[in-house]
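Next up is one chain by itself, shown in structure tokens, the form predicted alone.
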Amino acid sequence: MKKLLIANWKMKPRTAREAVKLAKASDVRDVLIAPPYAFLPIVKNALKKATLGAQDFFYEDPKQGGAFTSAVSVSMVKSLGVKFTIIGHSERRAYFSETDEQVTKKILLAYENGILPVLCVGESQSVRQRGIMEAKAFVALQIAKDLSRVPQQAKKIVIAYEPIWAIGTGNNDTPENAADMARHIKSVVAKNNHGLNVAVLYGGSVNSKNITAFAKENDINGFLVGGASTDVKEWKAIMAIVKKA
């Protein structure tokens, strides 16, 4: 695949049996899959071609100790062979009050442990209503804060632009606007993090009916797909479209 394709299963599917079935249906080379923590081991065993990732991990370094009930450390997911992790998803920021400082810590831990960070950024409906320049300024500030401690030896990062108002609503952005924001994100990274190679993905109500138009935009390097990646028929259609792009 020329475009990067990441499946974020979020809190789905319901059972281990369903997770194995979905993993086998998604087992395509160059596809990246982020299942819930509970299903990481069985999904790993089910995969032969696709790349395993995590949806998140705790922001404190386990080497420093500490009792954090229910938290999952970077060393835990690393031990399962994950190659990437989603960091700073809007649902983490909104429902778990995750801050940019915590996001920054996670990105640093990811690099220190050889895990590729997939940073999520995006503006709210109220910000977008004030105009595209306001949205760009908001995203630029997020990036500046979240990448403030990237180590010099870091070579690559993936940034997923997911306008909050589009996630799970069915109201996706236009391909032209998404591509414009992708160019903006690349320019911000180039200005503040010299030498860091960035791939920009689009996410937010992406499905088999609208992804073709987004895939035609050269500045969009791939997709972070949520709900649609947990529907086997829909996900297979998306993978087939992106493979041809």
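Quick caveat, the model's predicted, so the values are computed rather than measured. Numbers for residues come from their place in the sequence shown, where the first is 1.
Below: the form predicted in complex with a small molecule, not depicted.
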Given that the small molecule is left out here, which of 158, 150, 166, 77 has a heavy atom within 4.5 Å of it in the model of the complex?
166
By the heavy atom within 4.5 Å rule, which residue out of 206, 178, 201, 34 makes contact with the small molecule in the model of the complex?
206
Contact between residue 23 and the small molecule in the model of the complex at 4.5 Å, heavy atoms?
no
Indicate whether the small molecule has at least one heavy atom within 4.5 Å of a heavy atom of residue 173 in the model of the complex.
no
Applying a 4.5 Å heavy atom distance criterion, does residue 146 contact the small molecule in the model of the complex?
no
Can you check whether residue 162 is within 4.5 Å of the small molecule in the model of the complex, heavy atom basis?
yes
